[in-house]
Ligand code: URA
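Given next, in structure tokens, is a single chain: the form predicted on its own.
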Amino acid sequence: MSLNKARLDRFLAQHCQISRRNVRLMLAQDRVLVNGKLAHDIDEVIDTFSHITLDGQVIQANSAHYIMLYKPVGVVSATQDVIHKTVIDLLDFPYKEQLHIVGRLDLNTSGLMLLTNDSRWSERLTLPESKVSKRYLVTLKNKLTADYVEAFASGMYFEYEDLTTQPAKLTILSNYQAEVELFEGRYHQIKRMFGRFRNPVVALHRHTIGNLSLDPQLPLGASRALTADEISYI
């Protein structure tokens, strides 16, 4: 859901099919509440989630939703697809068609996905300047060496986009497994970075976004609403 903003007088004039002069009279008569408070300013800016009542009757009461999903391999990060099952298909919420995806995972990547209808929240998480990290567990075909750590930290030049990736943190966990922390999300970035070493990625799993980790109690393919603390903590 796009977080559309509007002036209160324009919203009421359109909703009630009245002139803005009559809206001024409504506000002067203390007939309108915005988020539980009397509204008197015609210039007040409201948005999709502003709770608005007129004469005690609710005329707008949209709720923001924030969902954590444990995405399996083979499910596409899209709202609809004619071939594959989508992350929306996995959800069991009556409002699921309102949701959009916050940071996609490709078909063969599993792990933490977030969905919401609050575009302002999703933008804060995905804008490059927000510098929200994503951490992945990577399983590789060939052995890792210390050379990988420096190469990831230095950034890599991608000729197709004509850009150099931001520094990424690579931690070697075993001969064939590493954790990678990114602050951006270029197309197939992790696979392409390991591709510089001709080392194919066998499995890729995102387990953390910002300060929020995938709930260890959440079964594969399942989802749940985020808590209020999680919404703010991330």
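One rule holds for the numbers: they count along the sequence shown, beginning at 1. Keep in mind it's a predicted model, so treat the numbers as computed, not measured.
One more form of this protein, predicted in complex with the named molecule, exists but is not displayed; see below.
Site annotation in the predicted complex: the residue of K169, H51, K191, H65 reaching within 4.5 Å of the named molecule with a heavy atom is K191. Contact annotation: of the candidates L114, V87, L105, L140, the single residue with a non-hydrogen atom within 4.5 angstroms of the named molecule in the predicted complex is L105. In the predicted complex, the named molecule sits within 4.5 Å of a heavy atom belonging to T109. Shown alone here, L204 lies within 4.5 Å of the named molecule in the predicted complex, counting heavy atoms only. The closest non-hydrogen atom of Y136 lies within 4.5 Å of the named molecule in the predicted complex. Heavy atoms within 4.5 Å of the named molecule in the predicted complex are found in exactly one of 30-38, 161-169, 54-62, 181-189, that being 181-189. Contact residues in stretch 149-178 (any heavy atom within 4.5 Å of the named molecule, taken in the predicted complex) are absent; none meets the cut-off.
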